[in-house]
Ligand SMILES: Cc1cc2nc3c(=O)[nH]c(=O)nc-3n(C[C@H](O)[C@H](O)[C@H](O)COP(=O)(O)OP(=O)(O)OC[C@H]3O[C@@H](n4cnc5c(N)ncnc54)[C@H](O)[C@@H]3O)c2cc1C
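Quick heads-up: it's one chain on its own, the form predicted on its own, in structure tokens.
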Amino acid sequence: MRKVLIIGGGPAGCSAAHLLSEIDNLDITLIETSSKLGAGVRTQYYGGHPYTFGPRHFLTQNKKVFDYINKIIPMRNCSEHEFISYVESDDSFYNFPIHMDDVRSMPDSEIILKEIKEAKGVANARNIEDFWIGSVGQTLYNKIINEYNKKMWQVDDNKLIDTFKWSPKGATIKDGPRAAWDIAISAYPYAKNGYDDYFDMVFKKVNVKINTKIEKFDIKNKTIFVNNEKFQYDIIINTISPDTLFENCYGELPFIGRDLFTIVFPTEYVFPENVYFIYYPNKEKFTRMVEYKKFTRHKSKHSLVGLEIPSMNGKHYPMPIKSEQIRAKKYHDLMPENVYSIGRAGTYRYLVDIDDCIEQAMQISENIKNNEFDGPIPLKRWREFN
């Protein structure tokens, strides 16, 4: 019987627990510091309105992953969703991400189209500012990218953001379907409590210890200490920031947090029909708002809207900076055989969502089932990183 430890009970940890529980001869323990499983995807309530910490719809191009979650938690199709963006300089709402149809409708479209035609390309781009200006020119960059990225990443200069393949340019600013958004599967659970049943099923599948803090890690020997007691494992699956496992020996990995404000409006709906998100790429402090009942289908004469402000409160988004990704890799390289690191925090990658967590857990379960141990799971995704 091989002993398995899962560190963290968010979507990545719970997915690993579900999938590994189907493998014989594994004694699995999941440790979570909080009182509930699910992390920011856990459903909360305000005035009876269900919501999560940030919008958590299920967006994927991997049908195998969708079929897996849909079998456990029946999902409702959300393909009608629309995201829009308010551009203050035009006093207009456009699609988010921007589409060429929007560009042609802008008051300065002639200038923008000329700049797009004359753009120098991205071959020599060194940062996200170079990337966008080289793609669409200065005017459109200033209109929809400059201020949004500064507040999103809490930086004064976008040149500090020196990874950019995750940015939606190329998949979105064009005519026709915008691949990542328009042809992916978009869904949300039918259940009023969202994904909660998926998380809570873990209690029946593995040994779950909530409200439990790991006091010390000895990852080299696959050992942890809880309440001064030593526990050793054959396999460890980590879903928290990898620097934590090694006492920040290479320095602490930076994250951006979020402050979420929930506001109930005295109308049945607030946004236009089919609009789920509104983004704000201007100098206001908040980045976006979401009308939750568009996802949850909650019945009420009022509507709950969440407003998100980037902050240093919490570890929600890994910084897309090469030097920090290199630092994260140094931590991953310290992990011995049979130790995996998955999920957004565990991989230290910004664009890791619920579907990625499941896919990574699937890869791990296959490795363990086939007795193939190769350290951290690579991101084999349709989204690309650099």
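The shown structure was predicted, so the numbers you read here are calculated from the model rather than taken from an experiment. The first residue of the shown sequence is 1; numbering continues from there.
Here the subject shifts to the form predicted together with the ligand, a form of this protein not shown in this document.
The partner is not drawn, yet in the model of the complex one stretch among 43-51, 325-333, 64-72, 341-349 has residues with heavy atoms inside 4.5 Å of the ligand: 341-349. In the model of the complex, at least one heavy atom of His316 sits within 4.5 Å of a heavy atom of the ligand. The ligand is not drawn, but in the model of the complex it has a heavy atom within 4.5 Å of Ala39. Heavy atoms of Ile7 reach within 4.5 Å of the ligand in the model of the complex, making it an interface residue.
Though the partner is left out of this view, Ile31 does reach within 4.5 Å of the ligand in the model of the complex, counting heavy atoms only. Contact annotation: of the candidates Ala184, Ile112, Val155, Ile240, the single residue with a non-hydrogen atom within 4.5 angstroms of the ligand in the model of the complex is Ile240.
For the stretch 347-366, the set of residues having any non-hydrogen atom within 4.5 angstroms of the ligand in the model of the complex comprises Val352, Asp353, Ile354, Asp355, Cys357, in sequence order.
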